[in-house]
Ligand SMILES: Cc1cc2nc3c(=O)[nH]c(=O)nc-3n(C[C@H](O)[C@H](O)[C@H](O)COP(=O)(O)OP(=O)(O)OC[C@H]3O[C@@H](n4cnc5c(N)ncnc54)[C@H](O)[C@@H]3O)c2cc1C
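We begin with a single chain expressed as structure tokens, specifically the form predicted alone.
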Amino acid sequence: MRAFEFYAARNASDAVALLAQHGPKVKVLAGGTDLLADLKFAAASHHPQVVVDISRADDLRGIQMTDQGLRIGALVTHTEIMDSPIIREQLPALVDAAHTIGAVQTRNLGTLGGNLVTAVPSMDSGPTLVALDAIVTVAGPEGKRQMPIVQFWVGPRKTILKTSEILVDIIIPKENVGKPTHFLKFGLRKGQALALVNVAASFHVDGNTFKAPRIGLGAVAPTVIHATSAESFLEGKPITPENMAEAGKLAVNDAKPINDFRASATYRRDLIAVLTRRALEGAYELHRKREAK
């Protein structure tokens, strides 16, 4: 690891000012579970000259309901998500996704914001947030801006963030807090595995039909994506096993899986179809359990 200058930001505004001051060769430190590994192995041309630590910025923490929806600060850890009463009750799929991330130590230190900023296509936090139409807030020298989370990623390990910008929070819109949602991940082993495919599905139940169905797919494209064909097919359709299975088949066409040393594209296509169907079934089962209470 090469030497670098180190600054600790007091809050989000201070972090933005430090990033703007120190130019392009600067990195942000939050939980450190990704960055510290990168620093050890980065080539000299990619090594930062400055690291800005945002871990003390309390305005980037917290989980609370706001007028816009459920706000999750970028510095909230995966363990905090798992322990949050409101998330456990209203959005258990976020808990399930957080539980699959790394080991206990990683979940204790790693932050939701860091997971999203790293922008690995197989990230476990992404599909559920996509299925919930999450919104992200970005802060920079010109102020704050918001966008749908799918617009935050532009490619593998690439986001829309400029060097002088940070991710502030993630918001689940108010109408989606409590929306039946289910997350599934398939890896080569039970724990601490990168996903071959991960899927989240959400929908409201209108009578016995799908309303606002959303399907997020990870590890099957350059970024986490919506399965738009499957979503359009399900809208207004009766909630039946046949329609769920057809949505799984359509989701395959929305993805662009690759061949690599962990799995073939053909195998991943089969997984997409099966996991999409099962995620839809899981979301509906959650709805039925709530109705039975």
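Just so we're clear, the structure is a prediction, and the values are computed from it rather than from any experiment. Residue indices: 1-based, along the sequence shown.
The protein also exists as the form predicted in complex with the ligand; that form is not presented, and the subsequent description refers to it.
In terms of contact with the ligand in the predicted bound form, the residue from 226, 61, 237, 27 that brings a heavy atom within 4.5 Å is 27. With the partner removed from view, the residue among 94, 220, 74, 131 that has a non-hydrogen atom within 4.5 Å of the ligand in the predicted bound form turns out to be 74.
Between 172 to 180, 95 to 103, 79 to 87, 209 to 217, the stretch whose residues reach within 4.5 angstroms of the ligand in the predicted bound form through a non-hydrogen atom is 95 to 103. Put simply, residue 39 is far from the ligand in the predicted bound form: not one heavy atom of it is within 4.5 Å. The closest heavy atom approach of residue 136 to the ligand in the predicted bound form falls outside 4.5 Å. For the chain shown alone, residue 146 is not a contact residue for the ligand in the predicted bound form, no non-hydrogen atom being within 4.5 angstroms. In the predicted bound form, residue 115 approaches the ligand with a heavy atom inside 4.5 Å.
Heavy atoms of every residue among 35, 110 and 185 are located within 4.5 Å of the ligand in the predicted bound form. Residues from 157 to 182 that approach the ligand in the predicted bound form with a non-hydrogen atom closer than or equal to 4.5 Å are 161, 165, 166, 167, in the order they occur in the chain.
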